[in-house]
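In structure tokens, one chain follows: the form predicted on its own.
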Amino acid sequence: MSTRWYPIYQRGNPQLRVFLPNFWMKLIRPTEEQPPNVVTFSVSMEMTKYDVRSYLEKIYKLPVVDVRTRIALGETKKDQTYGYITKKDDVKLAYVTLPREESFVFPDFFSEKAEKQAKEEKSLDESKEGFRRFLDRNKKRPGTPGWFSI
């Protein structure tokens, strides 16, 4: 794991010191409607808005107009049987605004899979409807339990 602290002194030369920050960023799909030039990231809790801006400008060469951050509280649940309370970790979200002429569309990696699943659901619904029509047609047939009233 990388760390912001220098390693403990070790005898011998050369004393190699590597600075690896604990920063990470994850692109997430926004939960609410946003303008096309706003991108949402889940970032490390230690990152500030200035860190986010410099990270995107220096590494990815993105022109950043504004960065806003907020901390989303983790979900709190009470266990029904034992009564103890659990809480998920808090998450820091960064909303990055790009210039007006820039726009970001979240990539759709699973469009083929969604189409295939929708097609399977449609065929399943058609077969259910066909079976329902078959049952309705044969409901009043002699010899079935619903024909005679007791």
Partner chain sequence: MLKLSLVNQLRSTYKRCLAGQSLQANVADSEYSAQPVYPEIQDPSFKARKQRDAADWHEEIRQVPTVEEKLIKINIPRYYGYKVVDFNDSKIPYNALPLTQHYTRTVLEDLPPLPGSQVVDQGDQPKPSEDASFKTVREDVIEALEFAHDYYKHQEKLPNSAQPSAVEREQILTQIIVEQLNRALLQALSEDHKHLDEVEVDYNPRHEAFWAVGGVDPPKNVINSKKGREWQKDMANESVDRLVQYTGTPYLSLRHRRQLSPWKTTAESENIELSKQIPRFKHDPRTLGYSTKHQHATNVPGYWPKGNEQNFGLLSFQSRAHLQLRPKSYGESDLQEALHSLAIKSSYAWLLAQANYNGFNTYNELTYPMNTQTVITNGREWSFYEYQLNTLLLHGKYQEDNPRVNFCRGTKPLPLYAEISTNGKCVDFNDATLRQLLNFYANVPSIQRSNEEQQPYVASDISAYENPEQRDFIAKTFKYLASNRPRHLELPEVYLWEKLYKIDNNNRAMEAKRRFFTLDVNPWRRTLDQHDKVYVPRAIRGKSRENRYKKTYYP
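The term rigid core refers to the maximal set of C-alpha atoms that superpose within 1.5 Å between the two forms. Values in this document were obtained by computation on a predicted structure and should not be read as measured data. Numbering follows the first chain given and starts at 1.
Keep in mind that the form predicted together with the partner chain is missing from the display, and what follows is about it.
*Asks:* Please identify, from 80-88, 40-48, 106-114, 119-127, the stretch that has a heavy atom within 4.5 Å of the partner chain in the predicted bound form.
*Replies:* Of the stretches listed, the one contacting the partner is 80-88.
*Asks:* So in the predicted bound form, is the partner chain close enough to K92 to count as touching (4.5 Å, heavy atoms)?
*Replies:* No, no contact at 4.5 Å.
*Asks:* Is the gap between R100 and the partner chain in the predicted bound form 4.5 Å or less for some heavy atom pair?
*Replies:* Result yes; R100 sits at the interface with the partner chain in the predicted bound form.
*Asks:* Quick check on V52: any heavy atom within 4.5 Å of the partner chain in the predicted bound form?
*Replies:* Answer no; every heavy atom of V52 is more than 4.5 Å from the partner chain in the predicted bound form.
*Asks:* Answer for V64 alone: is it within 4.5 Å of the partner chain in the predicted bound form, judged on heavy atom distances?
*Replies:* Yes, V64 lies within 4.5 Å of the partner chain in the predicted bound form.
*Asks:* If we check the partner chain in the predicted bound form, which of the residues in 30-59 reach within 4.5 angstroms of it by a non-hydrogen atom?
*Replies:* T31, E32, E33, Q34, P35, N37, V38, R53, in sequence order.
*Asks:* On a core-based superposition, does P99 travel 2 Å or more at its Cα between the shown form and the other one?
*Replies:* Moves: no, less than 2 Å.
*Asks:* Would the C-alpha of Y50 be classed as shifted by 2 Å or more between the shown form and the other one after rigid-core alignment?
*Replies:* False for Y50: its C-alpha shift is below 2 Å.
*Asks:* Could you check, with the core superposed, whether the Cα atom of G83 shifts 2 Å or more between the shown form and the other one?
*Replies:* Yes.
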